[in-house]
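The chain below stands alone and is given in structure tokens; this is the form predicted alone.
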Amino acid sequence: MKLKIKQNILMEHLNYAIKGISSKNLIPILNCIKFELTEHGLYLISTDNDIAIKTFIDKKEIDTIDILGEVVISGKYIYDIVRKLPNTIINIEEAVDSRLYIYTENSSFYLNCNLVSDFPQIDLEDHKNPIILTQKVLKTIYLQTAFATSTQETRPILTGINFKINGNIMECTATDSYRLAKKTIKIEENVIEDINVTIPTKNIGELVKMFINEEDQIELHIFNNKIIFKFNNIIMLSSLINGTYPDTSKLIPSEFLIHIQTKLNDIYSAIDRASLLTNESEKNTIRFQSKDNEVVISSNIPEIGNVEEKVCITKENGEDINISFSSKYMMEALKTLETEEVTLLFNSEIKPIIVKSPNNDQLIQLILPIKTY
């Protein structure tokens, strides 16, 4: 293998490929990046057996291609070397003693190569009926739901975002059993078979970091045990989480006794200030009490002091609510809404709180109250 390529072009694609390598992996070959130089261009491939990334540099972006071939080298070291080289032409060629020679006018490096045959074979086939979204839609799904997933490995299924597709309706749900985020969108074409898969949240997080133009499309190729994302010149494979995602459809009530509407910035700022006098050990609990057209938000730390905030509200009926909940959870839910007004729905002080935009059910946030007695 022998080629010449500009540093900035190679670095751009190494930034993608390095995401397929886990620092926690104890298998040496899974800490490597495979370079495949063909007559069409250069492929960079990486995997840690949970995700795999394949990115392509077209021959038009490569200065010269002299000898085709493939090598497998340490991902960390090739990444660091190229990152610290100046933005100039880099020469890369395979030496006769199973080493890769990387050099510019003033710098030269040798890296030991690994056996190409040891690198895992990665199946990146297409599904005959991929789901097509814009990158912006998928990023929005992630931003509006990912925070509600669990970080506890005791229930692995809750560490992912559940994608359920029926016809042309996609429901994306995340929950840690104390709160829930649900985003519903319409896709362009009906799916022939219903889809119900759970994708690790951290893998979707790595995916959205690679988006450049959010108006570009992305293809989702969904299989029984994996999902493949294709966009631009990048392919990313992610494993799916085994298990049955809990049925959350019955958690969101269809009717509510108390409807409160207020300005989102006002309620967020009040909760933010009230949270200053809360304890993380007590789940950052605050009290929320409505009376007529006002709500009082309060909290206290006995040995420090207390705080009380008042916010103007609009109610659809005359009933009031006295309830406690996590200020952290409520603020994270409110931040996902892209609106000036927010609707808070209650049934009692022990039943779930629903947070959503007025007249828009595409995004629903659910928070469980906290008993303070």
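A residue's number is simply how far along the shown sequence it sits, counting from 1. Quick caveat: nothing in here was measured; it's all calculated off a predicted structure.
Although it is not shown, the form predicted in complex with a further copy of the same chain is what the next lines describe.
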Assert contact residue (a further copy of the same chain, in the predicted complex, non-hydrogen atom within 4.5 Å, options F109, F256, F211, Y142) equals F109
Would you kindly say which of I195, I301, L124, A95 lies with a heavy atom within 4.5 Å of a further copy of the same chain in the predicted complex?
-> I301
Does the 4.5 Å heavy atom contact test between G167 and a further copy of the same chain in the predicted complex come out positive?
-> no
With a 4.5 Å heavy atom cut-off, would you call K136 a contact of a further copy of the same chain in the predicted complex?
-> no
E309 within 4.5 Å of a further copy of the same chain in the predicted complex, heavy atoms = yes
is_contact(K128, a further copy of the same chain) in the predicted complex, heavy atom dist at most 4.5 Å | no
Does a further copy of the same chain come within 4.5 Å of a heavy atom in each of I81, R273 and L276 in the predicted complex?
-> yes
Tell me, please, which stretch of 340-348, 301-309, 57-65, 34-42 lies within 4.5 angstroms of a further copy of the same chain in the predicted complex when heavy atoms are compared?
-> 301-309
